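The chain below stands alone and is given in structure tokens; this is the form predicted on its own.
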Amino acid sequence: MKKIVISGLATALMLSAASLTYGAELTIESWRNDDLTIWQDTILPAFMAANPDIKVTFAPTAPAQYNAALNAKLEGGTAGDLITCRPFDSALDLFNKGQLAPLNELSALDNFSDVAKSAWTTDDGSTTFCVPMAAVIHGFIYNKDAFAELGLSEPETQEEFTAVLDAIKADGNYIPMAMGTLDQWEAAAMGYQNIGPMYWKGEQGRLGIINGTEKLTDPQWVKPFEVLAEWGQYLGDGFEAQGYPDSQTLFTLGRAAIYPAGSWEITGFNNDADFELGAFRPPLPNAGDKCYIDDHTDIAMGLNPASPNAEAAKVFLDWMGSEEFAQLYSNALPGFFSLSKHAISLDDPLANEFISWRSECDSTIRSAAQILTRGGTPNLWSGMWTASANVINGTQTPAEAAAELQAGLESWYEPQQ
């Protein structure tokens, strides 16, 4: 009789759980409007084939409007069931306001390391509130045809990199590097944070700033600015007025030989460039130095606690921790690399080159991403935008840029006081 009762109870619980997901219609909020067809044609059909009782719609907002639009929807009670999470403080702020649900009970989270989850976990490590999706990796994408034409090889050290840039400039048929400083963020993301980890030794330096044992005026933090100060001569005429889309176009049209990059460029460059693409790691300061890469946690997915379809949304979030999702997502979006522990294979050769650096180098994230953006005006990350652009433009010396950033951090951040 006890077995019959227990069995009956288990059956009732399963039926109850099934009824909570049957016929559910989920909506995903995201800023990745360029991914719409990938979600519609590849990712969501795979999930819905295995879960035919759940319908999922991907409803993105333009990136520049996403934060404001999402906040308005959350405040007004009209936000979707699933919320695409930016890393660190922006998502943490939503969680602290009760606008993202805790997800500790999800079995999917067992498939991610603590480092992978850190961008969407409370400071004390007790609660994770988004399922990690992907990271992006920084490096340099180059025109293989141009390199072959000029007899150039991929540089491994800073000295070799400078020699390559000088050779391209001397030839005169190509702009050595396609990057402008008008929008500023590229100077910080694809400049300072791209090459910087090689000098401040990745996580050692990043955590040193957070705990106050290092300062932004220390040599290992000033040296990347000194390298950036040399970039201006290689960026072509008028780079100060050149925006991000201009740089992309300049490179894909074949007018520039090298592009300081994030791996998110891979899909667009594959589509737009009619030459063979290659990639090389940020140059080592000196031959034989240890290698570090900016392998930045970029995107995750969370649950709107006000969702009327929470159980169905959790089914989707659990699936996002699967090997199937990791494989689908990483191949559908070359350059966005799964953060899960699953071993995956990539079809795109350029994406394979970027991800291979994980086995050769120590990974770190952008140095100002965690904790250090919470105070000061501007915050440290915004300050790095301006400082990096000014150094490249020649309107601020590396030492002045570092001193200004340090003073700003000291003005509010106790471990640096």
Partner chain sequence: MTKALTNKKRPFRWHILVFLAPAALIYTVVMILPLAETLRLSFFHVDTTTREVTFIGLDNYKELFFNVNWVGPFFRALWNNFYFFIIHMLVQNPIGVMIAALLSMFHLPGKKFYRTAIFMPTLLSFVIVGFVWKLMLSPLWGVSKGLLTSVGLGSWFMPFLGREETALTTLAFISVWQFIGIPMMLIYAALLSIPEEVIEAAECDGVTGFAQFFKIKLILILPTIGIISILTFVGNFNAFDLVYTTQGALSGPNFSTDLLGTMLYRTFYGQQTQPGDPNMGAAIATMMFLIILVGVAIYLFFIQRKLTRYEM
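Between two forms, the rigid core is defined as the largest C-alpha subset superposing within 1.5 Å. Residue numbers count along the first chain shown, from 1. Quick caveat: nothing in here was measured; it's all calculated off a predicted structure.
In what follows, reference is made to the form predicted in complex with the partner chain, a form of this protein that is not presented.
Colleague: Which of these stretches, 215 to 223, 247 to 255, 155 to 163, 141 to 149, has heavy atoms within 4.5 Å of the partner chain in the model of the complex?
Modeller: One stretch meets the cut-off, namely 247 to 255.
Colleague: Just to be sure I understand the contacts: of Ser30, Ser363, Asn379, Thr27, which is the one whose heavy atoms reach within 4.5 angstroms of the partner chain in the model of the complex?
Modeller: Contact residue from the list: Asn379.
Colleague: According to a 4.5 angstroms non-hydrogen atom cut-off, is Ala241 in contact with the partner chain in the model of the complex?
Modeller: Yes, Ala241 is a contact residue.
Colleague: Tell me, yes or no, whether Asp114 is in contact with the partner chain in the model of the complex, where a contact means a heavy atom of each within 4.5 Å.
Modeller: Taking the distances in the model of the complex, the answer for Asp114 is no, it never comes within 4.5 Å of the partner chain.
Colleague: Taking any heavy atom pair closer than or equal to 4.5 Å as contact, tell me whether Thr395 reaches the partner chain in the model of the complex.
Modeller: Although the partner chain is absent here, Thr395 would touch it in the model of the complex, with heavy atoms inside 4.5 Å.
Colleague: Would Asp93 sit within 4.5 Å of the partner chain in the model of the complex, counting heavy atoms only?
Modeller: Residue-level check for Asp93: yes, a contact with the partner chain.
Colleague: Honest question, do Asn104, Arg206 and Leu350 all end up within 4.5 Å of the partner chain in the model of the complex by heavy atom distance?
Modeller: Negative, none of the three is within 4.5 Å.
Colleague: In the model of the complex, which residues of 384 to 413 put a heavy atom within 4.5 Å of the partner chain?
Modeller: In sequence order, Trp385, Thr386, Asn390, Asn393, Thr395, Ser411 come within 4.5 Å of the partner.
Colleague: Can we say the CA of Asp93 moves by at least 2 Å between this form and the one not shown when the core is superposed?
Modeller: Yes, shifts by 2 Å or more.
Colleague: For Ser356, is the C-alpha shift between this form and the one not shown 2 Å or more after core superposition?
Modeller: For Ser356, whose C-alpha is compared between this form and the one not shown after core superposition, the shift is less than 2 Å.
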